[in-house]
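Here you get one chain, nothing else, as structure tokens; it is the form predicted on its own.
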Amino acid sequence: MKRVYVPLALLIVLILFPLVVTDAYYQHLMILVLLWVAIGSGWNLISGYTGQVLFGAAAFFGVGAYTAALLLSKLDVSAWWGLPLGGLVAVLIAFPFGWICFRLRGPYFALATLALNEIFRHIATIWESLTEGMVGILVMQTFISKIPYYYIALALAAGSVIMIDVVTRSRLGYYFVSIREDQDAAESMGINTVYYKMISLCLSACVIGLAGALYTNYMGFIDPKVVFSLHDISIMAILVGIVGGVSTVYGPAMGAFIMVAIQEVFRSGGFGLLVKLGKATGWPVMATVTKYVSEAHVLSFGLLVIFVILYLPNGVVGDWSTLRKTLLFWKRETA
């Protein structure tokens, strides 16, 4: 029963969040967290459960984002139609890619996904008559308030987590895990590994493509550097999965919250604390400190990943029992 009550209580808290916290800044941060829950869940399905490391999540994210933007800019159709179509187009891209590249294994498949990401980034940059190149595409936001975007993002995030939970508890999930553990053994048992890896990839691409389409509608502007970014999208998706817990249903949710929080703490200089401290003290050195701290989030990501690999190899959710015992031990020692 605990397995049902805890997620349900968390969902209720998330539903009430924008009604209690009315500050648009914190609502924006939570929208980003929810988007990363969806992206991380998609990455976790193909990489965590099926064992096919995806370095090109930005390819599907960018395709979904540009689907929504091009519907408006070229066809004068509402960008909100990009939500279902963005996921569909991402699947249409994933299908032939997987059919060709799933003959590859290990690092070779990972490099192929990285190449896919770069191919689409260059296409979006060079094909200016379609994508406007580096100028980007502007999409007017439908809502002034962030609350509608929040609930749409919440629905996408919750749907992604539920989908992962249902799939991994079904026969599909057992096939995915068997492929991850030993592909040759799975094939010897009669499992069509290419077929089931295709299903996993298409589900992942659909979820990530939906997140890309929602990003376009929410942010109102995209360009190739943003939506096909290796660091800001593809690597971030991997970090969300690793930190939260690979092969866990709720790991991406935890990882998304941690990564967005750390990124924002550094970007904003401790939510503006360093700026206020500089004004209060009048020390010129504080301006320099604030500048370097705001640019140090990449370093913090690296240190966090090293810490997780050394002490929490299964991520925060995967090693939650170990982490809780450690915290309780420290509490008793300091009491």
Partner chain sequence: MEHPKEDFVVLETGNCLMAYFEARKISKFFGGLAAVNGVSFKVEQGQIYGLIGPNGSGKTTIFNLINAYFPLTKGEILFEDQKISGLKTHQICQRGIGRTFQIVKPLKRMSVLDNVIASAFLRVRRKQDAVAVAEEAIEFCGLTAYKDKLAKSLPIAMRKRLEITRSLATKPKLLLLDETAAGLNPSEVEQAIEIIKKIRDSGITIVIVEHIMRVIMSISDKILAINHGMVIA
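Positions refer to the first chain, counted from 1. Treat the numbers as computed from the prediction; the structure is a model and nothing was measured.
Another form exists, predicted together with the partner chain; not displayed. Remarks below refer to it.
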item	value
Sole residue of A155, V177, V77, L92 within 4.5 Å of the partner chain in the model of the complex, by heavy atom	V177
In the model of the complex, the one of L85, M254, V260, I191 near the partner chain [non-hydrogen atom within 4.5 angstroms]	I191
K225, heavy atom within 4.5 angstroms of the partner chain in the model of the complex	no
Touches the partner chain in the model of the complex: A185 (any heavy atom, 4.5 Å)	yes
Contact test in the model of the complex: R171 vs the partner chain, heavy atoms, 4.5 Å	yes
The partner chain in the model of the complex: contacting segment from 202 to 210, 163 to 171, 77 to 85, 229 to 237, heavy atom within 4.5 Å	163 to 171
